[in-house]
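Presented below, as structure tokens, is a lone chain in the form predicted alone.
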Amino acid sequence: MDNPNVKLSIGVFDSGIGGISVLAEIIKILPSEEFIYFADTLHAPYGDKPEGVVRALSIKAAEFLSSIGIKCLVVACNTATGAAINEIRKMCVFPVIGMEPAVKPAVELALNGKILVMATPLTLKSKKFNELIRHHKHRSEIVPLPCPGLVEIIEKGHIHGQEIEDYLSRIFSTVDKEDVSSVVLGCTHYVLIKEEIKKAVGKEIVVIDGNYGTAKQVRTVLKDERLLNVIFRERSEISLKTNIRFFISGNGKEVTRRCRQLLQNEGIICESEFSHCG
């Protein structure tokens, strides 16, 4: 018997536009699905808030998406995952997929040199992240690199230009790049400036993010739970169309415009509707 929840949307939330980088990867491998994206920009960024506050905001976001009706929830934020993923999983009757910095893939490259993990201060202090480090530290030297204020710059839409260049120059000025083999992007916002980070660290250093791995995990979980939407939707060679409902707290129209533009940059055209909340 077909699962009646197959036709429901996949819910995705982040503190702002960073989760769009994850959403784009999910759309690429699950083009027949529909999505609901919640950006809690009213309370962004999460990464400089106390863990208890982030936990409460994340639970509220999960409750909101659950009330609409979804078949799966993607917590497209490393900070929210570290603060609240266990609590969210306990309260949800559908699968919940979180994020974690792609330390394991970086370690498995077996390159000579340190692994830098760029992330928000709260992510780097979280129990989940430190357990991840302890699990892999016998194989590689893993060095946290806190990036306070970077999410705010990206949220303003400054993903290119002098402000980003100056920030990255400053943050890497204390790093001996000759000792570094790879940089892990431990925040979904940072994936939006991945090319800028590559320029800042140089071509000898590998830059890694966990978005594709998360997208594959979503597909695996939905398949295992018999929740995949198997309706065929023709893909254009130029672009991929998908249905997305945006819910935004804060400056909704401007954030929605940025979200659509970021998806368009990935070859994804949104057939979407927008609602302001919060």
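Since we're looking at a predicted model, the values are computed, not measured. Position 1 is the first residue in the sequence shown; the rest follow in order.
Keep in mind that the form predicted in complex with ligand DGL is not shown, yet the notes after this line are about it.
Residue heavy atoms within 4.5 Å of ligand DGL in the predicted complex occur in exactly one stretch of 115-123, 174-182, 202-210, 87-95, and that stretch is 115-123. When ligand DGL is considered in the predicted complex, only one residue from 193, 151, 106, 73 comes within 4.5 Å through any heavy atom, namely 151. Although the partner is absent here, residue 83 is not a contact residue: none of its heavy atoms lies within 4.5 angstroms of ligand DGL in the predicted complex. Residues 188, 189 of 188-217 are found to place at least one heavy atom within 4.5 Å of ligand DGL in the predicted complex.
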